[in-house]
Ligand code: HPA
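Heads up, the chain below is alone and in the form predicted alone; it's given as structure tokens.
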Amino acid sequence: MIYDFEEVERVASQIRAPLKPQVGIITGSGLSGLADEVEEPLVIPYEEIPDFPPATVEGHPGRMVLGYLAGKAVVVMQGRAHFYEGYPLERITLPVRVMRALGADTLIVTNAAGGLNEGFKAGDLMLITDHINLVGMAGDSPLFGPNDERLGPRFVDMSEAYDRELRKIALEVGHELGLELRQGVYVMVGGPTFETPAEIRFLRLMGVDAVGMSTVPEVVVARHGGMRVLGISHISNMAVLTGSPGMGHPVKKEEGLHEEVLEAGEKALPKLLALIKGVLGRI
């Protein structure tokens, strides 16, 4: 269904909290432990929120957590739904609409991504400078259909989808923490299959640094609603090819790769949490 202003307000009215969140945070695969750091938490399972898509993938608990992190009022999506789970994009992005309706004007979105830049390594954190919306370019968008001007404009400027000032703050915080933060372009593919060797070569030719199966629709809707966005990818694994061009193959088989992503996310969580807390402290 298309969510107009009244529909979004109807859903948000079911979860009004004593606090007005300033920042919304979405946690990616293996990174949901970030929500455990929220103080004075109000925890609401997605199943209790009208029209929220249940998160069915391991590593995505499916809870909304409202409370305080680094002294800021936040609303954290502990896990997300994905396009490949069979939900329409407008439903996948409903949580972002609701965050905005609750009062959040800034979105921090995280994900686990495969590294394509050969200068990266597994375990790196990458600030997203821009994205390539392959799903949108192929003909699907959370903004398809009638537009409600109360939610945002018909045509959305994506020339600076990821806020320059927020990235500057993140780099300063990272430097102070001694974190080596990468920067790069993220591409969303539909999934749930991992990339073929030919697809990996294609994405590298496009100038992509990391690839994943989420984030972009949420950013589109956040920008539609006038939110500032900071995107952070955890490079959970590297897409490495061997062999000559045309005969390359992944070093690792795909079986068990999602489990490796979750394990890598748990290892990366402390530095991601420190980074986000530092950024929150300066917003």
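If you're wondering where the values come from, they're calculated on a predicted model, not measured in any experiment. Quick note: we count residues from 1 along the sequence shown, nothing fancier.
One more form of this protein exists, namely the form predicted together with this ligand; it is left out here, but the text below deals with it.
Contact between residue 114 and this ligand in the model of the complex at 4.5 Å, heavy atoms?
Looking in the model of the complex, residue contacts with this ligand include residue 114, since a heavy atom lies within 4.5 Å.
Contact of residue 162 with this ligand in the model of the complex (heavy atom, 4.5 Å)
Contact with this ligand, no.
Taking heavy atoms only, is residue 236 within 4.5 angstroms of this ligand in the model of the complex?
The answer is yes: residue 236 has a heavy atom within 4.5 Å of this ligand.
Does residue 102 reach this ligand in the model of the complex, with heavy atoms at most 4.5 Å apart?
Residue 102: no, not in contact with this ligand in the model of the complex.
Of the options 94, 107, 76, 211, which one has a non-hydrogen atom that comes within 4.5 Å of this ligand in the model of the complex?
Checked against the cut-off, the match is 211.
Since the chain is shown here on its own, which stretch among 187-195, 129-137, 164-172, 94-102 would lie within 4.5 Å of this ligand in the model of the complex, judged by heavy atoms?
Looking at the other structure, the answer is 187-195.
Just to make sure I understand: among 18-40, which residues lie within 4.5 Å of this ligand in the model of the complex, judging by heavy atoms?
Result: empty, none.
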